[in-house]
Structure formats: structure tokens, C-alpha cells
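The chain that follows stands alone, in the form predicted alone, written as C-alpha cells.
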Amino acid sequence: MPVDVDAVVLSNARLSPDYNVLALAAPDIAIRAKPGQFVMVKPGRGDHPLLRRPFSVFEVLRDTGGVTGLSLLNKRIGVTTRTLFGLEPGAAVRCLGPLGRPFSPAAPPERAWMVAGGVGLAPFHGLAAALRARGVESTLFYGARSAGELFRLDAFRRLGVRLALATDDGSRGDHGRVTLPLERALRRLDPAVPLRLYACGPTPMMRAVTNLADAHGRRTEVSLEQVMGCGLGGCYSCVVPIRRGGEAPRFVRSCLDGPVFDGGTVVWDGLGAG
């Protein structure tokens, strides 16, 4: 069950002029969180901003005494994200979670490939840690606009994750979209090797990954970045069109039925560009 806490900011690591990682003292949430789940957060205790905003749990923080909290990967865009970017240690953040449907971690002899675009990296540190604990060989395909926006690579290397990078400007890795190294790897992989794919990022990227994986006989779990007003299923602001088998498309709430979905069930034409 989710819990609602007044979390305290432990640290604020500013990665660039727009990105930061905010560490929160919220052990009661962190100890329950599974890879792919999210929290609804709101800085301060007043009415501005009025609504909370969803963030994937990035890292579960630990020390020698156990779980101490969680971190969020943030990109400042709107009112809430700008405020979170500017918070200093000791500030208060309302935090509700963990919420949503998590990833289904692979298990040996499966391999796991994670595909992230930009801030879509957020749910994958926790998944990478879970995969390592299971002894699963994993690779992160990570794309961004430039080398300066490829964050926390060392954290993934420490978890034994192989990296395949791509940048729009060619400053690191493949020059172009992250689907370039992914497609090359899919072509080289023996079809008999069991593989599970995961994707999070811009909607066109997740659609492309799902279609590419399907063409190679693979399935993809996608973590959708829908706008949410409550995170509890009450406001219906995060509906997603899905289709299973031959049934007609229907709408489900991402906060309850997701944010993780089988990419093959998502009706991408009805989802928008994201």
C-alpha cells in the first residue's frame, strides 16, 4: 500500500543547467518500491503548485543501516520541476508512493536490454539493480541530444550494465537515434537467445522500439510518461488506449494499470506524440 510522507531533501546533485538528482529521506516508501513504480511529489507544504506530479523512483538509497530514502531524476520544465531543481538540503517535499505497476524483471538465462531516451533513464537504475541481484546480463541503450546529457553512466557500470550510447549531434556513441545501436544488436543476436526488452522515453521512441523488437520476435515492456493529476485513479487524466488480442481498443488508467505496459498492447496512434 502507498504511504504519504513529508520527505526531507538529503541532497540535490545538479547534473546540468536543466537536470538534477534529488535525494529524499523517505525510507517507508523506498523500502516498498519495485523497479518501474513511481511517486507523486509536491515541494513544500502550501498550495502552490496545487497538484502533485509523478516521478519514477530512480534510486533506492542505502547506508550500512539499511534503506534511507530514494532519489528522483528531474528535468526542469514547468513550475514543479523548476522548484524541485532549486531545492536545498533540509527542504520539505510531500511524497506519496510507491504507486503503479512495476516492471517484470528478467531471470536467467534471459538477457535484459533497457532502452532509455533523455529523462526516460529514470526507472532503469532500480531495474538494473534488480537484474544484477538475479544474475541477469543487462545492457543499457541510452540516447540523448548530446554527450553532456548522458547522465550517471558510472552508476550503471558499477551494476555491471553494458552501455550502448547514441546522441543526436554525434558527440558520443552512434550519431542519431538510440534505435540505431539497438537495431544493430538485434540483428546480431542469435534468435534462440532469450531476451526481454524495456523502454522509457519519448512516445515516438518507445513506439519505434516496440515495433523494432516485434520485427525480431521480441516483446517490450514500456514505461509510459503520462500526465497524472492524482496517481490514484480518481481523475482519469492519464488514460491509455490498449488492445489485447482481437478485442476493440479500450482505455485504462496508467496510474493503476501502468505505468508499465506490454508495448504490443498500446494503441500508439491514440496515445499522442508525448
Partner chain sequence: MSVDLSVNIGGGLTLANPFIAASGCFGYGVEYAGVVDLGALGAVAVKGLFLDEREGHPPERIVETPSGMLNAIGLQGIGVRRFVAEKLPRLRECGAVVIVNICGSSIEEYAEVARILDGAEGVAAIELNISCPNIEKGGMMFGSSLRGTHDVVAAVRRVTRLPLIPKLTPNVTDVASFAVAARDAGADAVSLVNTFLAMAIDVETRRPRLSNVVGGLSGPAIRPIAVRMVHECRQAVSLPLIGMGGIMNAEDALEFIIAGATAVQVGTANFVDPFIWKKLLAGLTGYLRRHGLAGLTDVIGSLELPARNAPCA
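Just so it is clear, the model here is predicted, and its values are computed rather than measured. Positions refer to the first chain, counted from 1.
Omitted from view is the form predicted together with the partner chain, to which the following refers.
The partner chain in the predicted complex is not approached by residue 61, whose heavy atoms all lie more than 4.5 angstroms from it.
Among heavy atoms of residue 250, some come within 4.5 Å of the partner chain in the predicted complex. Contact annotation: residue 68 falls outside 4.5 Å of the partner chain in the predicted complex, judged by heavy atom distances. For the chain shown alone, residue 228 is a contact residue for the partner chain in the predicted complex, at least one non-hydrogen atom being within 4.5 angstroms.
Only one of 182, 150, 96, 166 comes within 4.5 Å of the partner chain in the predicted complex through a heavy atom, and that residue is 96. Stretch 88 to 96 is the contacting one of 152 to 160, 68 to 76, 88 to 96, 108 to 116, since its residues have non-hydrogen atoms within 4.5 Å of the partner chain in the predicted complex.
Within 4.5 Å of the partner chain in the predicted complex, a heavy atom is found for none of 101, 245 and 267. Shown here without the partner chain, the chain has 235, 236, 237, 239, 249 in 235 to 249 lying with a heavy atom within 4.5 Å of that partner in the predicted complex.
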